[in-house]
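Presented as structure tokens, the chain that follows is alone, the form predicted on its own.
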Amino acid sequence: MLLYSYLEALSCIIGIGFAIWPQPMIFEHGSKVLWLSPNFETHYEFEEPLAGFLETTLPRPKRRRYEHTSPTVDQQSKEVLDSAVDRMRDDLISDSAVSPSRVFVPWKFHPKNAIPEPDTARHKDYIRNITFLFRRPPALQKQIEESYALDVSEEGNVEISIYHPLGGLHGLTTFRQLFYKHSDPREAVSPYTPFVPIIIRDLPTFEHRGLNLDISRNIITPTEVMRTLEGLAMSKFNRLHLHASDAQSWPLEIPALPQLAMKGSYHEDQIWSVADLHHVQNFGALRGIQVYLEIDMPGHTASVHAAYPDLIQSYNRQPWFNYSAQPCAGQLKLNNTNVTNFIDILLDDVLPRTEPFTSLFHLGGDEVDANAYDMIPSELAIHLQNFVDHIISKVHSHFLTPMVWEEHILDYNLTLPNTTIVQTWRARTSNGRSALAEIVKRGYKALFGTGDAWYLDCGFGGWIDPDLSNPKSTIKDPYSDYCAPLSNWRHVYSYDPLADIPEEQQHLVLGGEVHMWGEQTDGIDLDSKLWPRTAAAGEILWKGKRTVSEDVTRRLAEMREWLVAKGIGAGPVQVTWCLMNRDNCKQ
């Protein structure tokens, strides 16, 4: 990661990124004010690369315009960026009082009545042009696709240099955070930035930056997921993992198996139709986010019993805690021809529909209970290997990358193709070793996101009731959940994912995911549980290990204002008095 190391070192020399979240590698700025013209124009150009693209001290290369048979910006890239520019225009520019902008007055971040705003009586200079400059990508690490260089000149010209449309999306996300609304309502049409000239150079540390969102245990609608995607895009995430089925319900429509969602969901209002999933995945793609599915198997599948009872072993077997991690007990049968046929039909339906939007498909595999099969773990491992071999081969046949949970490796010692991505969730194995370190030691690509740091559902109390007829019940006051306490945003931000990983194996760590399991979360409280903690994880995924400080608090507090302006119900980061009185809330 030589490019990352170079940029990180240079950023220490140049300075910090003010209120931008996630913080860019490099941010140089001045103090001139420019306003954004409501009629700004967008242009696309193509340029041969020079070695100095990521350096701020080299002269700007001479531009060449290509015509006829020379390379041009492809239409799909232009459509993606045009769509992003239109969304940014809607957010930053107010058409009328009926259609206000989604920009905020930064009064919370200055002493009372002391916002350092520009004098509106003076002449205004405007940003009138935004140019996307496409460059030929060099042979560097994959993250270069998402890199961007953002330059704003004193004359009001904006240039976003990129190798790929993903970089353009991130550049626009950063650009919008440079602006504020003026407190004078007569100036509500256009926002201003006080930082010109601006030079920003940026790229992510990790390739995979995701949120795992459970849409099965309680009802979370496509509309609520799309609102979440807006927040993820603002924090430069690029993956949304939908945990789409579990023991309690099956909300995902499978046209080849119509009874599955019809009988397996809680209610018809919970069902995600084929059109719903397509719309959500396309919505994410336009924001640079792959929305991919997890269909957990063979465990966590009791909901299949409602439509296909002959496929499930130990359905609702009691006491449930002897046969499953949570009620309702029940797992897909192994070495069963009907189960194999069911899985083939299921995957042949789902995989072709999801393939246009993502390269990934998650097959689950966590918390498979040997007791449900009346087997010992070593016996179960043999049958589980055959099961997993088959479902992974199905994913490969559709040219997708399979993902599984860590238990297949750490608990059952299965052998998986080296194309498989293994997702870890436990901080330590039973022998006290790092789960992530154990996975990469065996040569597998892996994702991080431990329950003790990045499980956002923890700390709200348990959801299992005490059995009053059982004097040995462990469910008692204070009714804590298994993963308490709550991970506040500072704890989320303090997570160091590579702490136990030898340098020579760090290339196998593709990135990670922060998790929102759904036992006590639905669309009503989703926003406040996700935000701003998910944004805190986003900066770790973008930049790697960080340290909590007042600067971080203030930047995240500004990000919270952007989320709220976008209609996302993010919780507060800090007491407003502390934001208005810098340096007075430290100890």
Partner chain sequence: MHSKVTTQILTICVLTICTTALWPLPLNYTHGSTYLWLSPDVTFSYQPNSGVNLTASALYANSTSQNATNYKASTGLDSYSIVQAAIARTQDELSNDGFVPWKFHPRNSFFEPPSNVSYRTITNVTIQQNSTDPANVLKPLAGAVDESYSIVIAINGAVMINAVSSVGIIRALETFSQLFYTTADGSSVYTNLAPVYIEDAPKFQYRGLNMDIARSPFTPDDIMRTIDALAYNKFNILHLHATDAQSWTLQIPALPPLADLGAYMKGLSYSPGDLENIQSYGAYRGVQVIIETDVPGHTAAIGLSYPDLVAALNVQPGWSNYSAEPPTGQLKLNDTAVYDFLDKLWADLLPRVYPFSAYFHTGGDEVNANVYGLDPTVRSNDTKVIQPLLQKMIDHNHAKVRAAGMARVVWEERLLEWNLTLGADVVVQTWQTDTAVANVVAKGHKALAGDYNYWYLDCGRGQWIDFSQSTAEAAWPFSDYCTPTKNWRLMYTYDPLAGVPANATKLVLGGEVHIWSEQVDGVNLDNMVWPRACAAAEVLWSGSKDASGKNRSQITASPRLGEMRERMVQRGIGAGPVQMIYCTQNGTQCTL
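All of these numbers come straight from a predicted model, not from anything done at the bench. Positions refer to the first chain, counted from 1.
What follows is about the form predicted together with its partner chain, which we do not show.
Practice prompt. Quick one: find which of 281 to 289, 122 to 130, 320 to 328, 400 to 408 has residues within 4.5 Å of its partner chain in the model of the complex by heavy atom distance.
Written response: Looking at the partner contacts, the answer comes out as 320 to 328.
Item to complete: Would you check, heavy atoms only and a 4.5 Å threshold, whether S480 touches its partner chain in the model of the complex?
Response: Heavy-atom contact with its partner chain at 4.5 Å: present for S480.
Worksheet item: Is the gap between P466 and its partner chain in the model of the complex 4.5 Å or less for some heavy atom pair?
Response: Flag for P466 set to yes.
Worksheet item: Should V548 be counted as a contact of its partner chain in the model of the complex, where contact means heavy atoms within 4.5 Å?
Response: Yes, V548 is a contact residue.
Discussion item. Is G461 near its partner chain? Define near as a heavy atom within 4.5 Å, in the model of the complex.
Written reply: Yes, contact at 4.5 Å.
Discussion item. Counting any non-hydrogen atom inside 4.5 Å, which residue from A381, I345, I219, L416 sits next to its partner chain in the model of the complex?
Written reply: Residue within 4.5 Å of the partner: I219.
Worksheet item: Is its partner chain close enough to V225, Q313 and K566 in the model of the complex that each of the three has a heavy atom within 4.5 Å of it?
Response: No, because V225, Q313 and K566 lack any heavy atom that approaches its partner chain to within 4.5 Å in the model of the complex.
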